[in-house]
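Below, in C-alpha cells: the form predicted on its own, a single chain.
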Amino acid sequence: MNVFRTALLGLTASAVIGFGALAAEISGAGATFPYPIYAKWAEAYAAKTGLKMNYQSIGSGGGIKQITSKTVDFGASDMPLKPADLEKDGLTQFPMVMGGVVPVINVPGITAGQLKLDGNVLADIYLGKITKWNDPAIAALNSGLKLPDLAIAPVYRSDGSGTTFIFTHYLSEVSPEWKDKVGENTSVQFPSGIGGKGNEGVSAMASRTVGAIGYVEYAYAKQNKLTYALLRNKDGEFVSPAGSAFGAAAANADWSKTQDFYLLLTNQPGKESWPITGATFILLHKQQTRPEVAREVINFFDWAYLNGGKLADDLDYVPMPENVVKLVEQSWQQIKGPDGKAVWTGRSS
C-alpha cells in the first residue's frame, strides 16, 4: 500500500487518555511535507489508544484556511505564520518536526547523488533561463558527468504549499533575480514548468516526465526511489540529503529567541548542512469551544514528541530537541477553554 496517497489517517475507536470527556474524533488538515511521518505516528498511536483522527493532506495553504475557518481541530503548515498573523486569527503555532526539501530529477543515465547543483543554477532552471541538461552552467558543476542534450521540464507545486514556501524562500536567499522577479510564498507565479498537486503529485509528475526536475520533501523522494541531486551549501560543500544533513542545518537554531516559534532554517552555515531545510508547524486556536477535543489533539502531538523520535529518524526527519519540546509545552498553557482554564495541564503518564 502506498503510504503517500492523499488520504485520511484513520484511527478507530477511542481510549481513555487523562481524565475528562473524550473526543470522539480529532481532525486536521494541511501540509503534505510531514504526511509520511504523521501517518506513521498515527498508526503507532492507534495501537496504543484507538483514538480516531482524520488528517487531510491538502497542502499548507488549505490547512491554514481550514483552521482559520474552524472546520478542523488543527491545521498544519510548513510556512510558519508571522506573529501578527497569528494574533489576528487567534492562533498559536508550534514546530513538530524538521526535514528537508530536495530537488529530484528524471534524466536518463544519471543516478541518485551523481548530479551536482547549486542555488543559482536551480533558480535559473526555474526562471526558464537554463533549458537543457547539458547547459554550460550545469556542466561546470559536473566535470566528468555525461549530460544529455535534453530539455529540462521543471515541475512545481500547483497548490498552496509550505514546501513551495521553503523552496522559494531558499531561492530568494541565493538568487537576487529570483527574489526580485518571483519572490517567496506558499504559491508563486513560476516562470516556467508544469504543476503537480501535493508532494505526491510532484513526485508522480517527475517520475513519469523524462527530463523533469521537481522539489519534494525527502521522505517522498526516498520512499518512491526518486533520483535526487546534490546541492552546494553555504559553506561551498556539495551535500547529500539525509537526516544528519537536515539536523546539521538545524543544529544552531535557537528557538528560545523566537516569537511564536517563527524561525526559518534555509541556507544555514556548516559544512554538512543541507541548504533547503525547514520545520513543519501545527496551528491551534488559543480559545477553544471544545476543550476536550483540543486536549486530545495536544495529547497526540505530545505523545509524538515523547515517543515518535525513532519513527521520525527512520524517515529522515529530525525530531525536535527536548529543550524545544519544553518551550512548546509551556506555550500550550495559553490554549484555554470557555472557562478560561488551560485545556492541557501536562502529561497524564
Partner chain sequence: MAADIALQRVAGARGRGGAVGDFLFHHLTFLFALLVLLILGGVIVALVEGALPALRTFGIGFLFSDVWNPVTEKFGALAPIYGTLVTSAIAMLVGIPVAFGVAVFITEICPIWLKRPLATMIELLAAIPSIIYGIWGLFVFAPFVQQYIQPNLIDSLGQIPGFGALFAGPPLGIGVLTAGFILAIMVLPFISSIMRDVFETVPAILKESAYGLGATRSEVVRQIVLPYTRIGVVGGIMLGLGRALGETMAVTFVLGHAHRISISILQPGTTISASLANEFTEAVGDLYLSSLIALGFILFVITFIVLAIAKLMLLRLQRRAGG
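Residue numbers count along the first chain shown, from 1. Because the structure is predicted, anything quoted here is derived from the model rather than measured.
Not pictured, yet referred to below: the form predicted in complex with its partner chain.
K.L.:
So its partner chain isn't shown here. In the predicted bound form, which residue out of Phe94, Phe74, Tyr156, Trp133 has a non-hydrogen atom within 4.5 Å of it?
P.N.:
When its partner chain is considered in the predicted bound form, the option within 4.5 Å is Tyr156.
K.L.:
Under a 4.5 angstroms heavy atom criterion, identify the one residue in Lys225, Lys271, Arg208, Lys146 near its partner chain in the predicted bound form.
P.N.:
By the 4.5 Å criterion, the partner-contacting residue is Arg208.
K.L.:
Report yes if any heavy atom of Lys197 sits within 4.5 Å of a heavy atom of its partner chain in the predicted bound form; otherwise report no.
P.N.:
Yes.
K.L.:
Ser192: heavy atom within 4.5 Å of its partner chain in the predicted bound form?
P.N.:
So Ser192 counts as contacting its partner chain.
K.L.:
Test of understanding: in the predicted bound form, would Gly90 fall inside 4.5 Å of its partner chain by heavy atoms?
P.N.:
So Gly90 does not count as contacting its partner chain.
K.L.:
Contact between Pro176 and its partner chain in the predicted bound form at 4.5 Å, heavy atoms?
P.N.:
Flag for Pro176 set to no.
K.L.:
Choose one stretch from 178 to 186, 273 to 281, 108 to 116, 237 to 245: the one whose residues place a heavy atom within 4.5 angstroms of its partner chain in the predicted bound form.
P.N.:
This holds for exactly one stretch, 178 to 186.
K.L.:
Quick one: which residues from 57 to 76 get a non-hydrogen atom within 4.5 Å of its partner chain in the predicted bound form?
P.N.:
Heavy-atom contacts to its partner chain in the predicted bound form: Ile58, Gly59, Ser60, Gly61, Gly62, Ile64, Lys65.
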